[in-house]
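We begin with a single chain expressed as structure tokens, specifically the form predicted alone.
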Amino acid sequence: MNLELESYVAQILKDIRERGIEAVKEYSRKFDGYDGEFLVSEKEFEEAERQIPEKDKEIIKRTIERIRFYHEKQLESDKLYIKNASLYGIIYKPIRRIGIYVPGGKPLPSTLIMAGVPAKVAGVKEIAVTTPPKNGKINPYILYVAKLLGIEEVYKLGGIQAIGAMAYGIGMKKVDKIFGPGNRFVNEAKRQVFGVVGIDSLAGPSEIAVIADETANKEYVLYDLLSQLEHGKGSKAWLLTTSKELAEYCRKNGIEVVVCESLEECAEKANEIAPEHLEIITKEPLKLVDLIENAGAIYLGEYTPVPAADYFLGVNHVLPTGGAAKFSGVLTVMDFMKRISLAYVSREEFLSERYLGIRLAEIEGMEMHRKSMEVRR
């Protein structure tokens, strides 16, 4: 099936590269049932804003404020130092232009918030958003979030064709990196265009593991586990517990349960799973943090449920899945920036130390490398 998916997506991307906008329009008609202008007009932004209740506007604004505050703390300063009258270091620059894919189906304005806010904090100058239209329209909440974030480029475009359009610059200016989750077709398209553009990750179905002891409120634990299964097919939930009573309560509600002899064993099991979300609801949750090596996010205590983090806490909900927490992490402001190495070497240091490079060039047989260093006086 994976080979069939790979071939299917490759054919569509090839067609988009070769036929351009006509292919994008054709696939939009086929998959989204849409045959109009892709770029959302100013009139549509205004109409969307009128549809949203004032109370909801305030909720969205407050949520964005919280997420912006949290992400502003992530900004890093250039790291420069002087040695032997020479300047060295790392400087940070924002990516110039990004694309954000917002899935169709259920409206997901939170997806745009979680990618758009850190992009803005990082200083990204140009942001293009693509999302599948429903009955020819984009969900008004998504358009309202875009307007609040100062994003004017929103396209009625979904699926493989949206990824191809952003990556190859079809019907829009090409982006430098693509962010946002999607179904298996979108994920495969992102995988195949990687290298032409950057991508954030290949997000899979949602996951949650909960480490809990006998002090945990069983209803809190159960509903936290069920909340992530609500995301649909393929979503996973594990309870890791030392409490047989809690284990039985959750097991009879369809939750996968692992009963452990100790909380340390629970932590080790969590590291094996490397879940997207890990809740620790124990008497002393902080004591377990040092034992956790693999998790996209760790949420401690009874009042830090995953759904709160998904929406309003301020932490980012774009996290590694499928065991990827063993080698990658949460989306941050720095994912929207590039690290650039910087050096400004003094004549004195160069002349006194160049013998190191000259000899290495000789060892590697790189004559012009050696000459480049030798020729300087």
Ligand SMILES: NC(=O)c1ccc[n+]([C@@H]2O[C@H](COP(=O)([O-])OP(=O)(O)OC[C@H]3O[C@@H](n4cnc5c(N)ncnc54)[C@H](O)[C@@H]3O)[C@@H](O)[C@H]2O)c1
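We call the rigid core the largest set of C-alpha positions that still match within 1.5 Å between the two forms. Position 1 is the first residue in the sequence shown; the rest follow in order. Keep in mind that this is a model prediction, so the values were computed, not measured.
Quick note: we don't show the form predicted together with the named molecule, though the next part is all about it.
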Using a 4.5 Å heavy atom cut-off, which residue among G296, G171, G158, G116 comes into contact with the named molecule in the model of the complex? G158
Just one of P305, G198, P205, P140 has a heavy atom within 4.5 Å of the named molecule in the model of the complex. Which one? P205
From the candidate stretches 102-110, 253-261, 76-84, 214-222, select the single one in contact with the named molecule in the model of the complex, where contact means a heavy atom within 4.5 Å. 102-110
When the contact criterion is heavy atoms within 4.5 Å, does F185 count as touching the named molecule in the model of the complex? yes
Taking the named molecule as it sits in the model of the complex, is K244 in contact with it (heavy atom to heavy atom, 4.5 Å or less)? no
Test of understanding: in the model of the complex, would K93 fall inside 4.5 Å of the named molecule by heavy atoms? no
Are any of the heavy atoms in S235 no more than 4.5 Å from a heavy atom of the named molecule in the model of the complex? yes
Output the sequence-ordered list of residues from 316-346 with at least one heavy atom within 4.5 Å of the named molecule in the model of the complex. H317, V318, L319, T321
Kindly check if the Cα atom of P118 is displaced 2 angstroms or more between the shown form and the other one relative to the superposed rigid core. no
Rigid core superposed: E26 CA moves 2 Å or more between the shown form and the other one: yes
Superposing on the rigid core, is the CA of K190 displaced by 2 Å or more between the shown form and the other one? yes
